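This document starts with one chain, in the form predicted alone, laid out as structure tokens.
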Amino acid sequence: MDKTSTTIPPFIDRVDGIPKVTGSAKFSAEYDFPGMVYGVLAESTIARGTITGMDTKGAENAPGVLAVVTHLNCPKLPGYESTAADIAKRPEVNRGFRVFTDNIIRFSNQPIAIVVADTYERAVYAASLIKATYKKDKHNTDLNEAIKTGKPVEGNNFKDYVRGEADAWKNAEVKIEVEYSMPLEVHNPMEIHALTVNWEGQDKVTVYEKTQTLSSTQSSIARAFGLKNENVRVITQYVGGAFGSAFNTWPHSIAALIGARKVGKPLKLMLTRSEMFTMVGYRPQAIQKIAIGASKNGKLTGITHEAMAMTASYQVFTEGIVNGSRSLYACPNVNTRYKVYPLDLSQPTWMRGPGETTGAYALESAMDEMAYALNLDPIEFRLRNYAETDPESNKPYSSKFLKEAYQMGVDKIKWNERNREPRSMKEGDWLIGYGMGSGIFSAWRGDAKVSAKFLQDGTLVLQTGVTDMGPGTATSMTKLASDIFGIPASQIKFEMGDSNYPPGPFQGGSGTTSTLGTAVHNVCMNIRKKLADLIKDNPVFHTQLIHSVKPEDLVFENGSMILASDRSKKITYADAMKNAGLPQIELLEQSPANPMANHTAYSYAVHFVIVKVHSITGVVKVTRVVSAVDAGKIVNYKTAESQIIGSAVGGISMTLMEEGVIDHRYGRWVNNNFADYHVAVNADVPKVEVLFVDKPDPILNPIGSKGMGEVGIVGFAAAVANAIFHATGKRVRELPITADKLI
């Protein structure tokens, strides 16, 4: 039985809120050292080919320039040299891109040089003086063309999945076959990618880097430069958003490390906004064909989902686009196909709800179309095909409260009071539409280490090597520890963002709270046991029934251990430690992963949206959003709600605005700026109402949580698209849904 105090508030404010809003929080580009120099990249002007010559003299002779590094003079990196022969044997699509190691151009705006100068402005000017000549090869940046004339990547990741009978939808009583497309989408967080590098000699370096994964960044730098891991320190105290763009150690980071070591001075490199489109990944373009068959009574009989996406010509990237179609609904016959085509663009990467977000747009839009074909309410159609056990593995779920989420959303938005007929609801010139979409994302728990120091004055210090790109990890962990100890959050210091701390999990994939929370929970519980052991024979607690106190006999509340059966008997943590002559309790906790051998675990979300569409101009306004989420036990409601609100903002952006445009003649981005690449702003976003089922998962981890950062956007685009159909009677299957497609 949990005897944790109920006097702790249900949520706490962000522990990093004041530093962020007052400007005292230091991001990766804000560290300064004596003798600081600046790195700026020069980039290719073609999309595919080889460099035949480079004139760097103008740059080298420009004022303040300390070095110009290209493939012609780049120092050999031990990690690159040792694997060069192996990489050369690989297919081109798996060779990767190692900056300044050869003269091959793989994408437009590829880094071909770094200029190091004593001021940023001088570095920018000198980089503009670099002239390269090229032998151009024929390039392709058009996915549609690649599908027609090219070959998809082969391998085990691309084998068809079949459950039951393939293409069984063709024999159904009611069936649909539709195609949906989604363009390139770019993360564009507020904080541009940047790093500050400070070498201590040739074999030891500290890097202030924007990253979501300290240990992986540390290891990749160490491998490239042939260093011991302990000689590479990575510090990331704050991250101003990333959405998946900060998982990789990108070429610009290696270039900065090379430049800094060459000149022997601390160096700062910060990408430009336009470089954010070409240097740090994006959500890959995808074209999806989906076919669904059902009986007349609304039971699914077959789903076929085929996704065709793109990757870079030099690096394969895959994601789970078709996975949701295998697992969200009970359907006996499901087959999926996933193909990726190499294009001459930079490498795509994870972007919030990676794969599942793309796939759910198609699946949940098609489910809406099928519901109309069956003349069924979209919620009723989903409930008739509700999966009570995992259709893919036949394992039971660790927990599933999706039905509760459906009902919460239905009640909140008054779903059943709408007129179900398309184009039937109006306010003046505005057409009103209701739409919904479901989301699913794997829940998991990895391994993590946390060190804890509990001081006699009641202060708890926790340390772990994790970063926080915005969800409020430090806040959630502080709240969790506060609940367990029964002490205010102000007495807890959560230290993170440094690879010198015990290794924590990466920040992403909706597993940080589950993984790190388990370690924090365990270390706090173990300290409670040690505190209880200090007073187990204390006569204060002796009763007729109790002579030796166990942890389960106690309530840990307000800095004291209180006997549960007689609350008048208590002793403070401080007194217990003083009496024992113990100034502090220190522990290092390693929490193992949970492989979930006998269960499967998912988080779920149901998004309900109301839109207004102007009947003459086609302008779309999202006027109401209700998101109901099954993410297990909510650790800190305030930051959890913020995560789902942010997902809604991203979902509105995705559905109505975001579109990366490439001029295929040149293989170059057209709209690599905020004037032409549109994202949702305050005026585009209504009040977002967030509902949590808030029931603990009893198996995944001891705190009962499941992830929510990813699932909050999965299915959202479909909800908006379905609402637009309900408003207008017109089905648009190509994102973004802009006015020209509705008129």
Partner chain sequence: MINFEYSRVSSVKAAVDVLAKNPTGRFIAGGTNLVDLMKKGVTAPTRLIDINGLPLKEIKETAAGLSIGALAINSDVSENETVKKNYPLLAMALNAGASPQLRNAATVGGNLMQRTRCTYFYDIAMPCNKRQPGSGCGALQGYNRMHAIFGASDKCIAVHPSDMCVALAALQATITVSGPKGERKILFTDFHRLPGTDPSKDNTLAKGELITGLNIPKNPFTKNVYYLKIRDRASYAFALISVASALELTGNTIKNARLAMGGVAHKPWRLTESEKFLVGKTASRENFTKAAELAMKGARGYGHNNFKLKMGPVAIVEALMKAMV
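Positions refer to the first chain, counted from 1. All values derive from a computational prediction rather than experimental measurement.
One more form of this protein exists, namely the form predicted together with the partner chain; it is left out here, but the text below deals with it.
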query = Is Trp669 close to the partner chain in the model of the complex, meaning a heavy atom pair under 4.5 Å apart or at it?
reply = yes
request  = Using a 4.5 Å heavy atom cut-off, state whether Val679 contacts the partner chain in the model of the complex.
outcome  = yes
query = Any of the heavy atoms of Thr70 lying within 4.5 Å of the partner chain in the model of the complex?
reply = no
task = Look up in the model of the complex whether His542 has a non-hydrogen atom within 4.5 angstroms of the partner chain, and give yes or no.
result = no
query = Would the partner chain be touched by all three of Lys299, Tyr372 and Glu388 in the model of the complex, meaning a heavy atom each within 4.5 Å?
reply = no
ask   = Taking the partner as it appears in the model of the complex, which of 702 to 710, 670 to 678, 49 to 57, 28 to 36 has residues with heavy atoms within 4.5 Å of the partner chain?
value = 670 to 678
request  = Let me know the one among Met596, Val619, Leu534, Leu227 whose heavy atoms come within 4.5 Å of the partner chain in the model of the complex, would you?
outcome  = Val619
key: Interface residue in the model of the complex among Lys453, Lys493, His614, Arg98, criterion: non-hydrogen atom within 4.5 angstroms of the partner chain   = His614
task = Sequence order please: the residues of 258 to 279 with a heavy atom within 4.5 Å of the partner chain in the model of the complex.
result = Ser274
